[in-house]
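In structure tokens, the next block holds one chain alone, the form predicted alone.
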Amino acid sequence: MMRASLPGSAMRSALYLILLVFSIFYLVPLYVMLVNSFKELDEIRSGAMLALPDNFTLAPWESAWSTAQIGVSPTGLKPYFINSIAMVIPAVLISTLIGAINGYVLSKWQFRGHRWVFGLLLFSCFIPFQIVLIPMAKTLGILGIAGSTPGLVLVHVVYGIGFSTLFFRNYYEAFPTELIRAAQLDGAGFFMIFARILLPSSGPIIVVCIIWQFTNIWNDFLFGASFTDFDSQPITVALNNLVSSSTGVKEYNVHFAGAILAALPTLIVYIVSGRYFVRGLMAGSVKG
């Protein structure tokens, strides 16, 4: 009855108002972190957490980036930020490529038992991180890459194959099989069909996979803390060490700046290409 009595514009305005309230509630912690990262420590201690800074300063950002003490030396987050970049780029690219090939095979080059293979890959998406710690540590030790960035790349590639295969397999299921058959009749082989027909039309799902993998890998803490040495740690582990290593006076402004630096890449990825994420998921959700 209420829906019928209200005009469409009023319902829309009420919906926007509710969304605005929830958005503000969600963004308040980010606002507090951002504002206080530009304040001096004494101003934060005064209790005006929501107020704009009286004395705007970039010193907390400079300290978090290059001079904050992490562990035993004042290195800042810069080298660990580089470690995360060196880890996330190859891990995302390799897992996306393998997932695309797997999805292509499982949807267009089906073999006997392909459903079991896909089921096992899908099952891997639900395996908790903690279960694979010990066997993965032994595997990295056997391969001689334990405690290194390449070892962490391998861990994330293996753990991400299930998700990337799921994305591409569902997307390629909706791709016309007739085009594959026609290409085969023209003499095109496995990789030629993949490279010249499927891959150029896979832009939406590639964006989905890259965003998903980038977010999961960049924000990972458990694997980074378990499979790296001090010099190869990603930024999430270094940020935890930064907060934990503060003895005596807690430099909250530096901690806030460091947290924003650690979250900045994923925030930029979602701002730039987040709108394509839902489009890519929906592109493979309807067959035909």
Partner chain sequence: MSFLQLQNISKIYESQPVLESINISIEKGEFLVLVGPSGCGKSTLLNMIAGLEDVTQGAIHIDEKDVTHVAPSERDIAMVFQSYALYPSMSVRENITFGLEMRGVPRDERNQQCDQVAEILQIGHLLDRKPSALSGGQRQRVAMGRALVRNPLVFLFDEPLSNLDAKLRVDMRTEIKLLHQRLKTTVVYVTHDQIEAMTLATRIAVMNGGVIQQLGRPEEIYYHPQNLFVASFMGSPSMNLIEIEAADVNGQICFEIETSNGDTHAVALDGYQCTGGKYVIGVRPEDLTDIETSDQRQTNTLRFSSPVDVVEPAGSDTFVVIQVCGQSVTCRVRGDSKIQEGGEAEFLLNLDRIHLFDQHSGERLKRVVS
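Positions refer to the first chain, counted from 1. Please read these numbers as outputs of a predicted model, since none were measured by experiment.
One more form of this protein should be noted, the form predicted together with its partner chain, which is absent from this view; the next part is about it.
For the three residues 138, 141 and 145, verify that every one has a non-hydrogen atom within 4.5 Å of its partner chain in the model of the complex; reply yes or no. No residue of the spot touches its partner chain in the model of the complex.
Which one, 193-201, 162-170, 210-218, 124-132, holds residues whose non-hydrogen atoms are within 4.5 Å of its partner chain in the model of the complex? Among the candidates, contact is made by 193-201.
Answer with one of 206, 153, 101, 183: the residue that has a non-hydrogen atom within 4.5 Å of its partner chain in the model of the complex. Looking at 206, 153, 101, 183 one by one, just 183 meets the 4.5 Å heavy-atom criterion.
Look up in the model of the complex whether residue 158 has a non-hydrogen atom within 4.5 angstroms of its partner chain, and give yes or no. No - in the model of the complex, heavy atoms of residue 158 and its partner chain never come within 4.5 Å of each other.
Tell me, yes or no, whether residue 188 is in contact with its partner chain in the model of the complex, where a contact means a heavy atom of each within 4.5 Å. Because a heavy atom of residue 188 falls inside 4.5 Å of its partner chain in the model of the complex, the answer is yes.
Just to confirm, residue 89 within 4.5 Å of its partner chain in the model of the complex by heavy atoms? The answer is no: residue 89 has no heavy atom within 4.5 Å of its partner chain.
Closest heavy atom of residue 174 to its partner chain in the model of the complex, within 4.5 Å or not? So residue 174 does not count as contacting its partner chain.
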